[in-house]
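Only one chain is included here, represented as structure tokens and corresponding to the form predicted alone.
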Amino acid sequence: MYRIRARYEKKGRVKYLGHLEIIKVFERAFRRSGVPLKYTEGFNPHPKMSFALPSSVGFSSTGEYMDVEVTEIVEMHKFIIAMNETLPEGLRIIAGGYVEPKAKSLMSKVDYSEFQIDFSIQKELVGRLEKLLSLESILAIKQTKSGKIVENNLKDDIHGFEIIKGEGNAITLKVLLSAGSRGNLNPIFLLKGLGEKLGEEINSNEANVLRIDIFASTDDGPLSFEKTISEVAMQ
């Protein structure tokens, strides 16, 4: 048994597919591509594959990852070409390689997601936004799944940011946020929290959110998942 780790992008209309729909799309693509998949045993076998971190509906991404098990070695460039010929427009594998078959699951290693968020805000608020993000504490009210109201310090889950001014009121916020089971900050919740502190509602429905990459925590800092594979990149 061999395990392939692939990085893929999600753009265009497919960004509106939910995670379960994305899984089904990949299952169909694997079958059509002829990749020798490893299947689970039992009455209803399905391909042995796993994903790093589900992407929210409406978010584009250039940094999604999945592991899939195969029964024999497949040349990586042939694997990538075969998959990209069968995937729908907007889904595309951009790099891949083999990892240890018994390597820890992708999901268990997720610590950070890097996002690019494009939105509009009044020009005179940009300086205040930068100062706000530089504070040690940004408290925001959040309702949990159980309905409980709690106060969160957003800065606990913000690990770096950059503000790029665009034309007019457009700005781009690049930000590294906590992600995964050990802590998670959704970019939309971040925008709402920042808007409340600025006294200016930020229209999150009009914001374009792009996940750039996913990272694991190491002693040397965040490590892109792509660094954990023997890379074969498709230009």
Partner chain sequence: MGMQIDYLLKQVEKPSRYIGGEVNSINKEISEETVRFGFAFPDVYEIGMSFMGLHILYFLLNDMDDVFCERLFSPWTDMEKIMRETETPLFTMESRTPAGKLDIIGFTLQYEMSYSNIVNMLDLSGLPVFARDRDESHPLIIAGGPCAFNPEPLADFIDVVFIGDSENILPEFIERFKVHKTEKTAKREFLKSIVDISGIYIPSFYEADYEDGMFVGINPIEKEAPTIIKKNIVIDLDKSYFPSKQIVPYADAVHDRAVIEIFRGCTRGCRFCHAGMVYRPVRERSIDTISEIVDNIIKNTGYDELSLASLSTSDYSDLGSLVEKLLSRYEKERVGISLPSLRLDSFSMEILQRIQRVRKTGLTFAPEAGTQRLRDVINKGIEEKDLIESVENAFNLGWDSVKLYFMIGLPTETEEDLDGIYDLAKKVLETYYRMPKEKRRRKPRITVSVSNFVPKAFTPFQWEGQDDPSVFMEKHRYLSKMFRKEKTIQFNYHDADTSFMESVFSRGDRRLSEVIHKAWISGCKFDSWSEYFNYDKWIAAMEDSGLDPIAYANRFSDYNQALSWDHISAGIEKQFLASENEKAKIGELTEDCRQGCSNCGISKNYRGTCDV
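The shown structure was predicted, so the numbers you read here are calculated from the model rather than taken from an experiment. Residue numbers count along the first chain shown, from 1.
What follows is about the form predicted together with the partner chain, which we do not show.
Exercise. Considering 175, 66, 191, 207, which brings a non-hydrogen atom within 4.5 Å of the partner chain in the predicted bound form?
Worked result: Contact check passes for 207.
Exercise. From the list 169, 184, 203, 50, which entry has a heavy atom within 4.5 Å of the partner chain in the predicted bound form?
Worked result: For this set of options, the contacting one is 203.
For this session: Spot the stretch among 160 to 168, 85 to 93, 122 to 130, 99 to 107 with residues whose non-hydrogen atoms come within 4.5 Å of the partner chain in the predicted bound form.
Result: Only one stretch qualifies here: 85 to 93.
For this session: May I ask you to check whether residue 58 falls inside a 4.5 Å heavy atom distance of the partner chain in the predicted bound form?
Result: Residue 58: yes, in contact with the partner chain in the predicted bound form.
Problem set entry | Contact of residue 223 with the partner chain in the predicted bound form (heavy atom, 4.5 Å) | Residue 223: no, not in contact with the partner chain in the predicted bound form.
Exercise. Residue 216: heavy atom within 4.5 Å of the partner chain in the predicted bound form?
Worked result: Residue 216 lies outside the contact set for the partner chain.
Exercise. In the predicted bound form, does residue 24 have a heavy atom within 4.5 Å of the partner chain?
Worked result: Looking in the predicted bound form, residue contacts with the partner chain include residue 24, since a heavy atom lies within 4.5 Å.
Exercise. Though the partner is not shown here, which residues of 1 to 29 have a heavy atom within 4.5 Å of the partner chain in the predicted bound form?
Worked result: Heavy-atom contacts to the partner chain in the predicted bound form: 13, 14, 15, 16, 17, 21, 24, 25, 28.
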